[in-house]
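Before any questions on binding or motion, here is one chain by itself as structure tokens, the form predicted alone.
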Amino acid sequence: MSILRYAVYRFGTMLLTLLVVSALIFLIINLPPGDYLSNQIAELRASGQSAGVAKAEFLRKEYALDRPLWQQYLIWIGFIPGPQGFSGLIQGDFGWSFEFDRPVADIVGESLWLTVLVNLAAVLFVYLVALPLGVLAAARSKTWVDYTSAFVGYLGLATPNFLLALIMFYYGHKYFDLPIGGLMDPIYEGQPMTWDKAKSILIHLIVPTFVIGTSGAAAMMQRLRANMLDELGKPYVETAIAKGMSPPRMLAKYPLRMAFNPFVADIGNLLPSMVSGSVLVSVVLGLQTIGPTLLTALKTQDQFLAGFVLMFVALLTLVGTMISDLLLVLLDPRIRYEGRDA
């Protein structure tokens, strides 16, 4: 099987997995009794507001919430027609948010790409920090370099993200005049992209990138160090040095390549963990990401909004896993994708 055919195969399995995940997401969201509109109807009837009850019941029929759960799911995905015809996720209709009384697409429109931007910046920070520090700690094992990097790593793992956010929130502004909260100046919110808006976003990214990426960088640095130490203790390293290969070249050519596999494999878990782990950070720093939106949607049982956000996180997981699988095949000749046909 060629790499292209393997990529097509992985893409197909990714779509099937996403379909199964969508069913689980929809089922879990609907496990609590009732939904947003039924809860609202109960409150309106208790207060005697008949006009509001009529509107809520109309919305229940309009969005097929009065139908069996399996039909609601198929309509949400777009496999069968609903009251508005074929209008589901695969047709590009993300549904209606009852909490915000707006289409889901309008609510997550800007926050979606800002979420991707923040988390891609955090992932880049993780790799730029973890790779050199992990390799350096392994190459200088049991020296002050190793102990210092270990201390920094454990500190990063032990410090909660929301606490680090508060610390950076205060000292970043006091000593470095970094902007407080948000991902852009308020005057640029809702405005089209300009160079000034881009500069504002980049400046505002500094604190969130550091806060969200710190724990991930610390964990990955420790993992890379452990893998490197394991490879450095193998006989081929002593053979390469005995043949006169310089330590830096030997380090980059053999142990680093072998130890790099888990480093690459973590891409699949890193993106979704960044998104889910940044919810509290987004609330503390007032970031315009989908984290606070997801929190509100889950609390209010706003099923279409919560379902879309969770599907987005699932898609990030599957895309990251697919990318890591393809990179592993290219990186390590010991991994043969022919064997995955079995």
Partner chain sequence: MTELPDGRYVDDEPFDPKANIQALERRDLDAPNRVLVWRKFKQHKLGLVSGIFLLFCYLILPFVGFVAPYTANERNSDYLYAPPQSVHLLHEGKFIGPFVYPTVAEADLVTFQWKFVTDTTRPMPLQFFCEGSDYHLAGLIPSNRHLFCAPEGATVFLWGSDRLGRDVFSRILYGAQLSLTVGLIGISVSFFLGIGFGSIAGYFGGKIDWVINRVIEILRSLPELPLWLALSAAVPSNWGPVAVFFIISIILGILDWPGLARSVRAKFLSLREEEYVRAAEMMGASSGRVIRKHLLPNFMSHLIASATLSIPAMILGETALSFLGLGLRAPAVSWGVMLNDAQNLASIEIYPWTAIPMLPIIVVVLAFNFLGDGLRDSLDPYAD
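Because the structure is predicted, anything quoted here is derived from the model rather than measured. Residue numbers count along the first chain shown, from 1.
Beyond the structure shown, there is the form predicted in complex with the partner chain, which is absent from this document and is the topic of what follows.
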For this chain shown on its own, do 124, 131 and 229 all sit within 4.5 Å of the partner chain in the predicted complex, going by heavy atoms?
no
The partner chain in the predicted complex has a heavy atom of only one listed residue within 4.5 Å, and of 160, 92, 247, 81 that residue is 160
With the partner chain left out of view, which of 40, 317, 303, 293 would have a heavy atom within 4.5 Å of it in the predicted complex?
317
Just one of 206 to 214, 193 to 201, 148 to 156, 114 to 122 has residues with a heavy atom within 4.5 Å of the partner chain in the predicted complex, so point it out.
148 to 156
Counting only non-hydrogen atoms and a 4.5 angstroms cut-off, does residue 31 reach the partner chain in the predicted complex?
yes
Is residue 328 close enough to touch the partner chain in the predicted complex, meaning at least one heavy atom pair within 4.5 Å?
no
Using heavy atoms and a 4.5 Å limit, would one call residue 172 a contact residue for the partner chain in the predicted complex?
no
Since only the chain is shown here, I'm wondering whether residue 284 would be in contact with the partner chain in the predicted complex (any heavy atom pair within 4.5 Å).
yes
In sequence order, the residues of 11 to 34 that place a heavy atom within 4.5 Å of the partner chain in the predicted complex are 17, 20, 21, 24, 28, 31, 32
